[in-house]
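Single chain ahead, by itself, as structure tokens, in the form predicted alone.
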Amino acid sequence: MASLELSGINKSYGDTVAVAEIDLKIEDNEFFCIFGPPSCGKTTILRLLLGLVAPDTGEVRIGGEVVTDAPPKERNLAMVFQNLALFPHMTTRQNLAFPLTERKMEKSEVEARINSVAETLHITPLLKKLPAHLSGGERQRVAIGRALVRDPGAFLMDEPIAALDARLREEMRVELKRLQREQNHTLVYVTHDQEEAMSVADRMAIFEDGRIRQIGTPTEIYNKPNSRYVAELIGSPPMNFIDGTFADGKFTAEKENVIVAIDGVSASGAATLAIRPEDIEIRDSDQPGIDAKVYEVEPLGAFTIVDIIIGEKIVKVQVTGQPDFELGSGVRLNFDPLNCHLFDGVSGDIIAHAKH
């Protein structure tokens, strides 16, 4: 297998910047996710790795070897596209065999690889079927199988399960993680679904407008986002943000009547306090805390999302179980300073992480 590296990469199309100042190394046998909103440069990264486009500046390396000018066929990378791109007139067996027969591989070796991959992906009963007779999940497995039979240096996947329904996406995430772990392949996975990225990645890169905003494990990025942009993208329900000012060790938001003391911070000026829904405590109205009212309740089975108004702002609180809250009732909220992040109110950069 192989490591993948982009160094000093820039790519523009006319006046449109596709990616800029990209320095990224994906380790051998790593499940790496590229995550961000649509049109942020994710697919361009895959195209640069594949050799479908050339960078304006910078180098591409595979396994430590510079391949910036090498054509796609010499890079030994396998691609799984969002639309799966199966040949509709070919059976599953023929689709799996195609990349091998094109390379003039011996028939016995072709059959051996097909049978091995079919067993790994649990698609042996599908080998005689055409794509039109397969379910969405089955077609997805066949597309992965067609890449796997080649035994490439790395897999590149561009939102391959985006078209599947929610339950099937959950199943396929588990299968992809299992497959990557068992086969010890380097896998680069592009998605705009933060739940997908968080659940499968060993590490992930957060993109914005063609630039990398943060790289880390899902846990690192969730617990220590380095900017408001990253904090807004990661987490469901999303993090709560309250704009105000910071001075003399205290954050103050006058409209919401929120005052939180945060130790060890010397900054001053416009600031944004951020806290995740699961880190807010709801108290009875006769207890100390921030005055608030219950606006809406969203029961979700194992936990409940409670929308609460403080001042003119609605914040989301996640509580376990199915508590009984009366709409419009008064409550108090407690923001533990150890659970609060503080961002610069102008740049959005992190000032202080939560310390829990």
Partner chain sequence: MASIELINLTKKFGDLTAVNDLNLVIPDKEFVALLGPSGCGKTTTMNMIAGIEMPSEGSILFGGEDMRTIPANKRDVGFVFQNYAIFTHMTVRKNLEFGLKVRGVEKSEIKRRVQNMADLMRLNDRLDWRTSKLSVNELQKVAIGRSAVTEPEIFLLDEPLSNLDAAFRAFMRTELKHLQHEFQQTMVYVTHDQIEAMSLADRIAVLDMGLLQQYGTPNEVYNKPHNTFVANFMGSPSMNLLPCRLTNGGGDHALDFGDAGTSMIEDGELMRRCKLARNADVVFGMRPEDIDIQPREVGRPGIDMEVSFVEPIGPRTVVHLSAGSHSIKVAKDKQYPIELGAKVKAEFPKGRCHIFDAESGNAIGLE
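Positions refer to the first chain, counted from 1. Computed from a predicted structure; not experimentally measured.
Keep in mind that the form predicted in complex with its partner chain is not shown, yet the notes after this line are about it.
Only one of the listed residues (Thr252, Ser199, Gln183, Thr120) places a non-hydrogen atom within 4.5 angstroms of its partner chain in the predicted bound form, and that residue is Ser199.
With the partner omitted here, the residue from Asn223, Asn226, Thr91, Thr245 that has a non-hydrogen atom within 4.5 angstroms of its partner chain in the predicted bound form is Asn223. Relative to its partner chain in the predicted bound form, residues Arg211, Ser268 and Asp344 are all farther than 4.5 Å at every heavy atom. Judged by heavy atoms within 4.5 Å of its partner chain in the predicted bound form, the contact stretch among the candidates 121-129, 164-172, 106-114, 147-155 is 164-172.
Residue contact with its partner chain in the predicted bound form: Glu195 places a heavy atom within 4.5 Å of it.
For Thr219, a non-hydrogen atom is located within 4.5 Å of its partner chain in the predicted bound form, even though that partner is not displayed.
Remark: Asp279 counts among the residues lining its partner chain in the predicted bound form, judged by a heavy atom distance of 4.5 Å or less. Residue contact check for Arg283: none of its heavy atoms lie within 4.5 Å of its partner chain in the predicted bound form.
Scanning 296-327 for heavy atoms within 4.5 Å of its partner chain in the predicted bound form gives Glu296, Val297, Glu298, Pro299, Leu300, Gly301, Ala302, Phe303, Ile305, Asp307, Glu312, Ile314, Lys316, Gln318, Thr320, Gln322, Leu327 in sequence order.
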